[in-house]
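For reference, the chain that follows is the form predicted alone, supplied as structure tokens.
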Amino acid sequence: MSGPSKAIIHPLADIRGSITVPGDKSISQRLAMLCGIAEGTSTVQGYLQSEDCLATLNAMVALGAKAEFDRDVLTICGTGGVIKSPADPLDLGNSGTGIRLLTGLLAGFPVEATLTGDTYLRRRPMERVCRPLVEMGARVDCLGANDCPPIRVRGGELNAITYTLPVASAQVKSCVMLAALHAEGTTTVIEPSETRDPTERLFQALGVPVRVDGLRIEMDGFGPAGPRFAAREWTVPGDFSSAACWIVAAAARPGAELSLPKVGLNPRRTALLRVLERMGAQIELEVQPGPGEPIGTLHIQGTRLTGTSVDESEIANLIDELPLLAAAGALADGLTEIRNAAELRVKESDRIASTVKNLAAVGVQVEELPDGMLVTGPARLAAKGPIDSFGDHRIAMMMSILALSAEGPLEVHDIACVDTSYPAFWTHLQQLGAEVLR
């Protein structure tokens, strides 16, 4: 990661206007993989040109695909279902999604590859991704300490399995489904609770036989020959997790008025809206009908929020937005309770510890729990020193959004990580009228 090392964000008197957020990160990465093994040339409108997505795309190029950008349109010439063993380790940078999903995809091919990443990614445990792949017949080894990357994959000759996820995880589910493309028979994944479903939706659009029955997902594999995907045109909706920054900024600010057009509104991605509405937020949706992912415009009118408790069933579809929800809790009246979110401990940072430490640093009454936190608001936000992002893009953006409601400027350090998911974040922050010094 490169770029400025810190930002000083000044409070913002008012929030009004409209922001068009960049393309969905998780869909962009999955399309890089699926278009990369398709037959022919695919075009992707709105592919997110962030560090994570570009790292995934570069990995597919190293495996034999060809890719070229013309502004915001990506052209990918696929490999036709045949990939080569890469000469060098595949560097996924900071992308947990990229390394987990690509490990699953490679497990089905008769190749050998090593996947690695930056310092932060090499600290993230990968055993729960490797376990089902080994059960399917792949040879997958975590070469780092404590089951961390690098990961070495020697794939091919996979068998279908029935796998019950020990923890709700869209990434592990997608890893198994990508491997199952080359498996013999019907692979079944059983979730403990609903998780985000971009892989299921993309597979169905491509004609992969996927059947979803509640928490049970079944798909028929294509065997060692694998699938033959025809190239096609794709459009990536706006990333809801990026939109979440501005949703929280406006919803918790009385008098604010903000519109966010062309945002992906898959119900399995938008749990934050339901929680904020329970807190009293005023949010209107204009959903555009059509195939694939629901897309629409959000209109937010700011008001005083009230704290809430997050239900266990909401966690999986809220996991990336939980730091922002904690920020909303800091601005709301009363207690906001987040539990059953131990998954946050193994993200780009320990997001429970990093969120709690940073909220406390700006004067928020907050208590760390083993699986979450208790946040009591409203807080008078005043910095007691520089804020550390811990190299985590979600933490850097969350604290920058909170800075808009502070009593004075906040200095956030280690901000280059924001480029992994939202390179235009600082431009959009200034578009709202915020003064940002980098």
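Because the structure is predicted, anything quoted here is derived from the model rather than measured. All residue numbers refer to positions in the sequence shown, first residue = 1.
Keep in mind that the form predicted together with shikimate-3-phosphate is not shown, yet the notes after this line are about it.
A168 belongs to the set of residues with a heavy atom inside 4.5 Å of shikimate-3-phosphate in the predicted bound form. In the predicted bound form, at least one heavy atom of S26 sits within 4.5 Å of shikimate-3-phosphate. When contacts are judged by a 4.5 Å heavy atom cut-off, R232 does not count as touching shikimate-3-phosphate in the predicted bound form. Within this chain, I319 lines the site of shikimate-3-phosphate in the predicted bound form, having a heavy atom no more than 4.5 Å away.
Comparing 94-102, 299-307, 111-119, 218-226 against shikimate-3-phosphate in the predicted bound form, the single stretch with non-hydrogen atoms within 4.5 angstroms of it is 94-102. If you check shikimate-3-phosphate in the predicted bound form, you find no heavy atom from any of H10, R253 and H428 within 4.5 Å. In summary, among the residues R128, R278, R154, R123, the only one with a non-hydrogen atom within 4.5 Å of shikimate-3-phosphate in the predicted bound form is R128. Residues of 185-218 that come within 4.5 Å of shikimate-3-phosphate in the predicted bound form, judged by any heavy atom, reduce to R196 alone.
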